[in-house]
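This document opens with one chain alone, in structure tokens, the form predicted alone.
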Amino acid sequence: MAARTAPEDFSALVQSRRSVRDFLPTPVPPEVLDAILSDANAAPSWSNTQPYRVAVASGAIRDRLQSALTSRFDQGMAAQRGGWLGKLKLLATPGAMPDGDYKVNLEYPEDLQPQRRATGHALYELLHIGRKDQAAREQQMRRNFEFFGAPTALFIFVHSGLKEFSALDAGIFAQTLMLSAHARGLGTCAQGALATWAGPVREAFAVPSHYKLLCGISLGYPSDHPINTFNPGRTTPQSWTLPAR
């Protein structure tokens, strides 16, 4: 099949995409959202099984989820500040403890730490958030559960029976969706943090039990906030291309 897009146009699209962390409240028109999901539906998957399901939250459902997730986040932060007594209180509060299908608060492998630290440092420097400014750091983290102000949030679930290959296919699906959104002037932010609590999402949507919450994606029109200019940069292909023996 002949290419329909000039290579330079495709490169410009891919290389200009950024994770958006501040959105306008402008709703995404249903027909635009449908077009983005239709593009994502063309993503390849393992034996064409499409082993993922997507919960699309807009309007009242989106607001209800924001309220539930930020409440849980606030309870968790209060517990950390309250020492052992605060943590005991958290354990006794129904629904407050993380109930995600996958652990998102994990230790990064040592060889991946340099890029992670450099990205976090540069982002907080752009926001003028100091290393010891715990309140500002907590508030910025809380923005994840506000969907950074986006009017639409998507939650991606993967089939447990296909194991890691479901996650592979969901990643291809997510990238296709995010590029389609970018081509239409919208922004996205893929967020592992949105998999911290699965309970509120399961309460809002009919999710089959054998599908597990992998991540979320905030979707909407980018604001002109400086954070949306953030570009952490990339390593060169030579740094991750394996040499021949």
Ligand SMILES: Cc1cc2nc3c(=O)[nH]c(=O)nc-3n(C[C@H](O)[C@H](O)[C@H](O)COP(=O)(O)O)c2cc1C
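Residue positions are given as counts along the sequence shown, with the first one as 1. It should be emphasised that the depicted structure is a prediction, and the values quoted were computed from it without experimental measurement.
Just so you know, the form predicted in complex with this ligand exists too; it's not on screen, but the next bit is about it.
Shown here without its partner, the chain carries Arg17, Arg21 and Ala190, all of which come within 4.5 Å of this ligand in the model of the complex through at least one heavy atom. Stretch-level contact check against this ligand in the model of the complex with heavy atoms at 4.5 Å: of 27 to 35, 197 to 205, 41 to 49, 182 to 190, the positive one is 182 to 190. A residue is said to contact a partner when one of its heavy atoms sits within 4.5 Å of a partner heavy atom; Asn144 meets this definition for this ligand in the model of the complex. In the model of the complex, this ligand sits within 4.5 Å of a heavy atom of Thr119. Residue contact check for Phe173: none of its heavy atoms lie within 4.5 Å of this ligand in the model of the complex. Contact check for Phe73: every heavy atom lies farther than 4.5 Å from this ligand in the model of the complex.
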